[in-house]
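Next comes just one chain, in structure tokens: the form predicted on its own.
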Amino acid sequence: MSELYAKTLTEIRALLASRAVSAEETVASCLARIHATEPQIQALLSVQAEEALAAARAMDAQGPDPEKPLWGVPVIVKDVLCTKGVPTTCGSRILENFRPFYDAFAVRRLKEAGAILLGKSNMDEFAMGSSTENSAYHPTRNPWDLSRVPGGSSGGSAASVTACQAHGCLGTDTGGSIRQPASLCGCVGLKPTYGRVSRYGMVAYGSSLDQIGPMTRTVEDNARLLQVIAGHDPKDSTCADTPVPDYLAALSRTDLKGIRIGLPEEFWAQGLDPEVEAACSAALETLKSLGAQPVQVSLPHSRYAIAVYYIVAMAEASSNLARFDGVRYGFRDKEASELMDLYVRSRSKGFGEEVQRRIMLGTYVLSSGYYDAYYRKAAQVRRRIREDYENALARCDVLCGPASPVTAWKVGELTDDPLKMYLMDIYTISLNLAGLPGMSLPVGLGKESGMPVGLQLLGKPFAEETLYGIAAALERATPPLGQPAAL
């Protein structure tokens, strides 16, 4: 029982339901794992150990509840999601003392399903970053190599679930922040269709791009988490009121006969690291051996995706973060002499360098005289990007390509070159602009680096079950990565 933490979510759920293990034993095992691994990887910003153990004991006293699909399962959520009475910092000093009085919709759904919240995971400040080095508190390390980054901005969640600190985590994906760290850490990460999961209680970065999604060690675990958090929420006007399919039923297919896999030429062009290309190409051969038929497609406007994303996202960020002014809640500078001085000092000291850079750029592109030149044009190109996806997906069932152009890079290697850092999301960003679902799953280790490589599957709107079916078949046909080398 000392390695309960190493069980998958599906395995531990079955053990809990049969009373082979107790919720307290399960929580205690994960807490011991956190104690052993956290000094190396620093994946978390807070741990609610006593609260989790107390909740587990209370649940054990009542016994397993078959109506709760995650009864007794320990989970961790990204610190951008509001948690009642628990610090929610967004990785920023400006919210270091913020304790919400309510749970985010996704967190509430987890608790109603019987999950036990163990802690909050580290992240790039306000989800702005691709390496989890922009957290105001500490960087997170990759469990496969402690000298490398875990990706971002959900790098804390990716590192945590890969290191077996919990049986499942939630992350958020604005420009690839679930799929890119999942690829770099070797776990499964899903960005649902925009509107599939309520954003109520998520601290907004780019409101038209943000989505909450599950990060797990297996495809089946991922489907179980999405099954719980998906669904309509009247408190989020952008949340779709459409039925939630049975994602677990989609996992049963054994072959991929009749499935058409679209290969965007822009995702398989020059610039892809050779070891990433080799692992993804091998996975593609596996898909073909299972019966899938490759189809050549093109996303011609995807070359504008980086520019469009950093106009749209920063414009929305400058608006969303205007509320953090040192007046109502959060950090307030004590030396300010008058109101404007209070705003300037509190925001200058409370926000980190990357957040300030994005706020300034966002304010600029929305300013009088520049709105038409930048924001309006970006919105028009965004529509073209969406049309490219619609045209490509009309010819196939899913699109397929790498999730990241490289494996995890060294800590500090790109921190002085923000433009190069932005390019690390080059294969993920366009999907957020189109609002479609995408998944990264591990398909091997780089031959030179020994680091995980993730393959990305991109689907039609609200067709997450198609992604799960293909991913499950590929997962069964692919050798597992094994345990992270650094732990």
Partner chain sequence: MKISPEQVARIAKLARLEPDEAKLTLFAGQFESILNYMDTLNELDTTGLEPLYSPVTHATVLRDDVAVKTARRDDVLSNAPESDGQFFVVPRIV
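Positions refer to the first chain, counted from 1. In this text the structure is predicted, and so the values were computed from the model without any measurement.
Another form exists, predicted together with the partner chain; not displayed. Remarks below refer to it.
Contact check for A61, F126 and R323: none of the three has a heavy atom within 4.5 Å of the partner chain in the model of the complex.
Though the partner chain is absent from this view, in the model of the complex it lies within 4.5 Å of a heavy atom of just one residue from A278, L290, V344, L263, which is V344.
The single contact residue among R217, R109, R141, R382, judged by any heavy atom lying within 4.5 Å of the partner chain in the model of the complex, is R382.
Here the chain stands alone, but in the model of the complex its contact with the partner chain, taken as any heavy atom within 4.5 Å, falls in 363 to 371 among 68 to 76, 363 to 371, 270 to 278, 250 to 258. Y137 falls outside the set of residues with a heavy atom inside 4.5 Å of the partner chain in the model of the complex. Although the partner is absent from this view, E285 stays clear of the partner chain in the model of the complex, with no non-hydrogen atom inside 4.5 angstroms. With a 4.5 Å cutoff on heavy atoms, P418 counts as touching the partner chain in the model of the complex.
At the 4.5 Å threshold, heavy atoms of G330 reach the partner chain in the model of the complex.
Although the partner chain is not shown here, in the model of the complex the stretch 227 to 242 places heavy atoms of P234, S237, T238, C239, A240 within 4.5 Å of it, in sequence order.
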